[in-house]
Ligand SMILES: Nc1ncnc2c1ncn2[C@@H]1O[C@H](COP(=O)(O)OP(=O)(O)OP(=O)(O)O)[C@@H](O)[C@H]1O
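In structure tokens, one chain follows: the form predicted alone.
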């Protein structure tokens, strides 16, 4: 499964909840976040080692897991991963996960883990956040590994989370990815759910909120979870008495915007160069997205082809994504409004 959505919609919270459920079901759990420009080999090595060591303590799986630890030594060596604290006497097993091709070596290691887990009566669930930052080669290797585990009916699950472009990236990496994964969208809450998200915690604390106040926050945030959470937190702290009123909500709006602008929005714009800032500023000036590349180029007085490198860099930084051929949108909800406030 790949959870897809914009920033601040709760994908990471859902990953954590899935991990909690998996733990209650007795699965082995690994959770990682894919940072920019980090290899999948380095990211997964410590997690695979931890899982194999855990399985090696189960008598029925010990022999398979021990072979896996040997394979992991070769994997670490070929991908130049520093090893600390590896058991004395564990040597690499020639021919297992040591080709240097991640698309061959990762499935080999996953298979050993899967076989050991099956022998132990266990399962392994791998949770990966920010999947869009994986390179095409690494994403392809991950898809191949999971596909093979599915075909061999081995107890390994992958749940990833990332920006909306992950479905396209996965499809480009391996065409069968569209059949391999479910791609549930994680977006804004509908009005009823947004209202419940704000009102229930208030009622649980023995307070109330007026219908006008509730409607105001739901409408202005457009149901985006992080914005609901931020504004509700601030008006709760600022309110007097046991009833939250429209006045309480309105008085907290400026503080909420200042908090979002200084944190949630600012950390993203600060990662862009001047040319990239001008690009996204021009997008915002065009109003609501998605934005046609032709319109952005016209507004900047540039050709579409000359803007290609800038567009690619902003996409790689997770600031925008392609919604359709020739169209772009922000990965951060309400970002256009932020840019308009600070233009």
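Positions refer to the first chain, counted from 1. Worth saying up front: this structure is predicted, and the values here are computed from it rather than measured.
The same protein also has a form predicted in complex with the named molecule, omitted here; what follows describes it.
The chain is drawn here without the named molecule; in the model of the complex, the stretch among 225-233, 114-122, 173-181, 72-80 whose residues come within 4.5 Å of it by any heavy atom is 225-233. Shown without its partner, this chain lists 248, 148, 108, 130 as candidates; in the model of the complex, only 130 has a non-hydrogen atom within 4.5 angstroms of the named molecule. When the named molecule is considered in the model of the complex, residue 21 lies well away from it, no heavy atom lying within 4.5 Å. The named molecule is not shown here, but in the model of the complex it comes within 4.5 Å of a heavy atom of residue 12.
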